[in-house]
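Taking the form predicted alone, here's one chain by itself in structure tokens.
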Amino acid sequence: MTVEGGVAVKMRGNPAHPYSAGELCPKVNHFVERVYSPQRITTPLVRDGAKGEGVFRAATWSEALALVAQKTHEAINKHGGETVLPWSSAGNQGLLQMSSLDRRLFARMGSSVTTGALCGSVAKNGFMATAGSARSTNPMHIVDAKYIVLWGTNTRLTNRHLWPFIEEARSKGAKVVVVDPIRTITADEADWFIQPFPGTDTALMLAMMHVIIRDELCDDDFVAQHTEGFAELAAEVAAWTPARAAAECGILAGDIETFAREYATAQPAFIRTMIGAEHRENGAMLFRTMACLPTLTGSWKHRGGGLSRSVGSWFNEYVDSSVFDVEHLLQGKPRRALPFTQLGQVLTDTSLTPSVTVLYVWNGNPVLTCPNSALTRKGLLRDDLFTVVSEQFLTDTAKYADVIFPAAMQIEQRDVVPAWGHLYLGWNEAAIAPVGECVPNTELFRRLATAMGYTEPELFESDDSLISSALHGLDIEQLQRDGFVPLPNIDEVLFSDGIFGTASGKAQLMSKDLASRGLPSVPTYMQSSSRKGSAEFPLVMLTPKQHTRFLNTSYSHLPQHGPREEGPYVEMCASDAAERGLDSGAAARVVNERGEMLLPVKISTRLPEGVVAVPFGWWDASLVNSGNVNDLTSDAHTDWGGGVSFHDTLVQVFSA
């Protein structure tokens, strides 16, 4: 970061970083402009109009804090602490700013807590059902793979720093296969693109295992010594012939045969996936089944083999966030759990006792990011709900706030940053003082604790002290000097010794734990509601991140991002468009029981018949006479893991 006279003027990547090699993604290239944007909120604001209008007046910190403390105390005195609900996501990256002092403050209040997550939890829990550990293969080991499967991940766009490692493996002879219901820019660069119908991935995997077992391509020694339940799994997949899976997935039986044989024989074989595939009714089962593939073939044994998803769990041994939980602040009181992914249902549930009457939102924009957004807006409009938002811009959620606090950005705060895509812990030093009256999240919660009249010292611990208490076994001096430090276990080849994280130390091809919870004990394909279809809403709608200059709602409103992209639009194949009398560019209504959007049509060859796509990330203001795509998405829970089935959404498209 280049700073002149206390002002940030330029941001660049660190060329010494082994993973990013100095490359910034397109959204961060303009981060300095984001920091100094004239749209940025730089003072506390108090609502001065109707909820949702976005009309506010500037206020002092003391006034805003006093109002929030008054309303929160009144609600707790009347209904008890559970009437308060904190809701936060990952908008501000970093150990402290994502979640630290907030946990202590809301524990002191006795508030409700949220369970589940929009991203990550389903993949983690599905994977753990087989492997017993949340850790997956180090992504950088992909350079040693001979066969690479990018499953449900648009790596060139959403994980662009990994792509050079894939190209290096390819230069040494690796084959790259992409499995995705959408033909992405990553699929365009693959050696082979396989396009199953949305939500049928588990059927494809079962057929692959059918071929692997039938043709005796398992690593028999690895399976015999390091797994449990092979016989039960073999019995389940016996019926999943390539022909059966082909009919379900919409791909050729011969391709399934070839895919299975190539995967099993080209060692080391590496599967890379991320979070997109978990957003389905049966998302956890998909990841549970995927983890069985490298287990049958023994590809875990090899550097460059195995399965890689988010690697955040690798940091847990060295970055202990549990120190932020202080048991005595709870005063022995249990806390009510409410679903994170169903905020609209929580806020409109008239049977909920007590109802949520105080909502705190930070690090997130649930009106845009949660499914069934129209229901979230309805809940936020309640007269008896007091909403507090900490934000950087006047988002679609912030417009419903009663009080907004101005939030600091990444270059204005000190933190350490664990990663999801590599095994290097980052040091985030404040490069400039916060603009205006903005503060980091930790400082916000200290000020709120003071305003509430709380005196427990744990509520006021400094950022440096919090960092020091959480880090273990790392060279802190090197971390601060170099800006990053590798995890001590970075060279480990996960599960290469055949010891998994289960109680027995063996991979669970058959899981008694799942059976005890009323779930299938072996990988099982269950047809989703979107695959079954609907006469009224016959099209499956996907909501991909596919814009180059933004991937989420944090950037799409800024001049260098959203306005330079194509969209928003509804993308569909020519035959589905023709059936509805639609041409490219025509205005169309995308409709289901939850809502409606008015969008231009984009005809392409990237989607199969029966599937449409509306890209995610646009604010309501970007859409004329419309809401956002999550007005339409399903908020049904996943099979387990506390996630949500965005991609099992059915719609109809009409000419406008």
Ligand SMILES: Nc1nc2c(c(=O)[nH]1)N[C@H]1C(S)=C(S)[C@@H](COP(=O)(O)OP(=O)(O)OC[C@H]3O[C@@H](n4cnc5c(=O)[nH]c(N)nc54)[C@H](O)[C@@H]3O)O[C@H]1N2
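Numbers follow the displayed sequence, beginning with 1. Every value quoted in this text rests on a predicted model; they were computed, and no experiment measured them.
The discussion below concerns the form predicted together with the named molecule, not included here.
- The partner is not drawn, yet in the predicted bound form one stretch among 581-589, 254-262, 86-94, 430-438 has residues with heavy atoms inside 4.5 Å of the named molecule: 86-94.
- The named molecule in the predicted bound form is not approached by residue 618, whose heavy atoms all lie more than 4.5 angstroms from it.
- Under a 4.5 angstroms non-hydrogen atom cutoff, the named molecule in the predicted bound form lacks residue 125 among its neighbouring residues.
- Although the partner is absent here, residue 633 lies within 4.5 Å of the named molecule in the predicted bound form, judged by heavy atoms.
- Contact between residue 545 and the named molecule in the predicted bound form is found at the 4.5 Å heavy atom cutoff.
- Proximity to the named molecule in the predicted bound form holds for none of 100, 138 and 308, with the criterion being a heavy atom within 4.5 Å.
- Scanning 289, 390, 376, 227 against the named molecule in the predicted bound form with a 4.5 Å heavy atom cut-off leaves one residue, 390.
- A heavy atom within 4.5 Å of the named molecule in the predicted bound form is found for exactly one of 151, 500, 106, 315: 151.
- Of the residues in 173-195, those that come within 4.5 Å of the named molecule in the predicted bound form through at least one heavy atom are, in sequence order, 179, 180, 181, 182, 184.
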